[in-house]
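Here we start with a single chain on its own, the form predicted on its own, put down as structure tokens.
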């Protein structure tokens, strides 16, 4: 949703001399994205995505770029990082860590149907299986520790009833540890705008910069909370059933996952409610910036509390 760091054509043309991609033909800012600055770059008649990292550091980024390369080599339809002439994926542009990745064809869906959700579930299960052999690990930067740290910053600014709901949910979630759940690489942000479809078929998954090691079921819950919601912020049974059934056919759920599903749905709603509260109350300056409505995930959380979903009944 923002362009935080400006890049001119001349600056980019000079930077691209460290690549063997041909001359710069076009440069366009991308309005999508929250954490980073992104541009479409056409060089040598091929389109790429240029990302300037606004928060992640040079020490953190090899995990993510290596993961993209690993997943792409295992058939995941994700962007592949482009190496420069020194065989490095990561460079620096205008004082920021920067990289180029392949640009995938397709568009996100505003209104996915059950067939789209099934494709999404199958792809996510394949991604989780491919991630098992990625050797690097990183803990979830937006996990329970972050909840505990961030909540005191936003609670004084919230209406009393919402502040109470947030505090109660964090306290309730702290009673669950889930050490027995299958864990591995997760995408961590699999919203509709991070999945591309072309001619009705899933053709790409992008924006892996919240990827980490966590419970695999949590990744599916994040996706369900965005892909399978009605206008009333409740799960649409047909869409969520299509997603979880397709996932289950590729990577069957464990007994512990079947039991943890309603808790994970609430945890996923809490995580994004809290992050949107932070963006809303503490916005960062950036061109094209607009904060997303925190109440969306507050409402989803309240629906999950009122009507817990049973994964067994969806399979």
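Values in this document were obtained by computation on a predicted structure and should not be read as measured data. Numbering follows the first chain given and starts at 1.
If you look for the form predicted together with a further copy of the same chain, you will not find it shown, but the lines that follow are about it.
Considering a further copy of the same chain in the model of the complex, the lone stretch of 79 to 87, 169 to 177, 226 to 234, 144 to 152 in range is 79 to 87 [heavy atom distance within 4.5 Å].
The closest heavy atom approach of residue 279 to a further copy of the same chain in the model of the complex falls outside 4.5 Å. a further copy of the same chain in the model of the complex is not approached by residue 95, whose heavy atoms all lie more than 4.5 angstroms from it.
Within 4.5 Å of some heavy atom of a further copy of the same chain in the model of the complex lies at least one heavy atom of residue 48. Using a 4.5 angstroms threshold between heavy atoms, residue 193 stays clear of a further copy of the same chain in the model of the complex.
Against a further copy of the same chain in the model of the complex, the set 20, 130 and 202 is in full contact: each member has a heavy atom within 4.5 Å.
The contact residue chosen from 73, 161, 139, 107 relative to a further copy of the same chain in the model of the complex is 73, the criterion being a non-hydrogen atom within 4.5 angstroms.
Of all the residues from 140 to 166, none has a non-hydrogen atom no more than 4.5 Å from a further copy of the same chain in the model of the complex.
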